[in-house]
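Form predicted alone, single chain, as structure tokens, below.
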């Protein structure tokens, strides 16, 4: 069965970006000229996703507004002769079919995925986290879907990270079964350095199968008092093989302030209209350090 649905858990409070996220979702933080969440939605669409479910919470209404039709704005832009801008605004509403469900309590990523059960309706599905902006020639999700189609099982996006940072991630013990493809043997959520089985971290892209839902339904809170998706996937691995895809591309952790700044610089330098002037500006700053 093809993967045509994706779940975007966006109910988090974004406390690392306070006060900017006090009244505005972190997913709507602007990266050059688009909010973070738009980059991830575009990745999903470019990978072939046809339906997206946002699992939302309080103060997330601006996400809905961003991907909705804005008649008044479009009319104003047309009136002013700004046809390209009007088309860009309308294209957001036409990107993909989007649905919404409210996660009434922030009980963890696993609980957010459980909120999508009726929407998924016994189909394989993707999960994308808006913190991770992945710049790649081929969409990261498309790379995971290649692994899913070949091996017919759940797939985790994997990235090598410095061991001193491994305690910030879920990580895996795995064996190589094909180029950049692994069979996952074990998973640990945010381990101590001495307990980490490898430097392969789980990144915010997943292909999951509907048999994860009964496990999530009975899952007990884990680390942090939350229902951890990693724990549920580990339980699922007892009955079926879990795969890992060491994707090609450059990931920016935009849930972190420094990561957000790095993403801004990296993506701006790839834009032709900014490259020359922005490079010159950065060089003047480096010379002053």
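Numbering follows the first chain given and starts at 1. Keep in mind the model is a prediction, meaning the values are calculated, not measured.
As for the form predicted in complex with a small molecule, it is not shown, yet the points below apply to it.
Interface membership of residue 56, defined by any non-hydrogen atom within 4.5 Å of the small molecule in the model of the complex, is ruled out.
Put simply, residue 230 is close to the small molecule in the model of the complex: some heavy atom of it is within 4.5 Å.
Residue contact check for residue 183: none of its heavy atoms lie within 4.5 Å of the small molecule in the model of the complex. The small molecule in the model of the complex is not approached by residue 153, whose heavy atoms all lie more than 4.5 angstroms from it. Just one listed stretch, out of 209 to 217, 140 to 148, 81 to 89, 126 to 134, contacts the small molecule in the model of the complex at the 4.5 Å heavy atom level, and that stretch is 126 to 134.
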